[in-house]
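Just one chain is shown here, as structure tokens, and it is the form predicted on its own.
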């Protein structure tokens, strides 16, 4: 079930894993002759066979051994309890491997659309992150836990660390726009304004971005700013019917 997955792991992971290990751990660690507590991987595998998948996991998720195993980061690997199931991430990994095997079984039933059959593996979704989330999901989770300023700070941090690596989509206004509407749906007009303002600062030619900013000001009760930004949106896209309708409504309300 996992032959193709582990073949990919073997080809890309070795150097990354060796570099990631502290020199002390490299000096003291050797793979066990007979691994214990294998539940998804074949039970008859010798320890040396574990090298490729374990290296692949660290590469795909951007983590180190202590993410899934019981041990203290920076300590020699000889001090780790690799057989223990105490770290819940170990069982999560097992379930993900079972899911991966199932997905690849289904892919095997499909006629290839290219010269090679598509193969799913951990990096397909994770791309160097422990939790494979979209940029909008990452920002939304931080917003719910810590508020809009923390989420915007996370946006800056993620862009600094991941821009150009294909992990998150920073190329369009969609992620920040979705995040802004999450704040707006939470009756946080002030927070939504902060998000939408950042979006138009980064994508000033987006008529949709200005339309969203206008809507947030409208929700906040600031009709003057709403009118200003709906007009800006119409300037960029004269066919924006929503902006046209909202401007008409604002003027009718002003007349009343």
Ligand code: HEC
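Numbering follows the first chain given and starts at 1. Note that the coordinates shown come from a computational prediction; the quantities given were computed from them, not determined experimentally.
There is another form of the same protein, the form predicted together with the ligand; it is not shown, and what comes next is about it.
Sort through 106, 165, 160, 131 and report the residue having a heavy atom within 4.5 Å of the ligand in the predicted bound form.
Here the answer is residue option 131.
Name the residue from 117, 75, 144, 92 that puts a heavy atom within 4.5 Å of the ligand in the predicted bound form.
Here the answer is residue option 92.
Wondering, does residue 121 line up within 4.5 Å of the ligand in the predicted bound form on heavy atoms?
Because a heavy atom of residue 121 falls inside 4.5 Å of the ligand in the predicted bound form, the answer is yes.
Just checking whether residue 174 would be counted as a contact of the ligand in the predicted bound form - the rule being heavy atoms within 4.5 angstroms.
Heavy-atom contact with the ligand at 4.5 Å: absent for residue 174.
If we define contact as a non-hydrogen atom of the residue within 4.5 angstroms of the partner, is residue 191 a contact of the ligand in the predicted bound form?
Looking in the predicted bound form, residue contacts with the ligand do not include residue 191, since no heavy atom lies within 4.5 Å.
In the predicted bound form, does residue 57 come within 4.5 Å of the ligand, counting heavy atoms only?
Contact check for residue 57: yes, within 4.5 Å of the ligand in the predicted bound form.
Of the listed stretches (193-201, 225-233, 63-71, 211-219), which one has a non-hydrogen atom within 4.5 Å of the ligand in the predicted bound form?
Among the listed stretches, the partner-contacting one is 63-71.
Out of 92-117, which residues reach within 4.5 Å of the ligand in the predicted bound form, heavy atoms considered?
92, 93, 94, 96, 97, 99, 100 sit within 4.5 Å of the partner.
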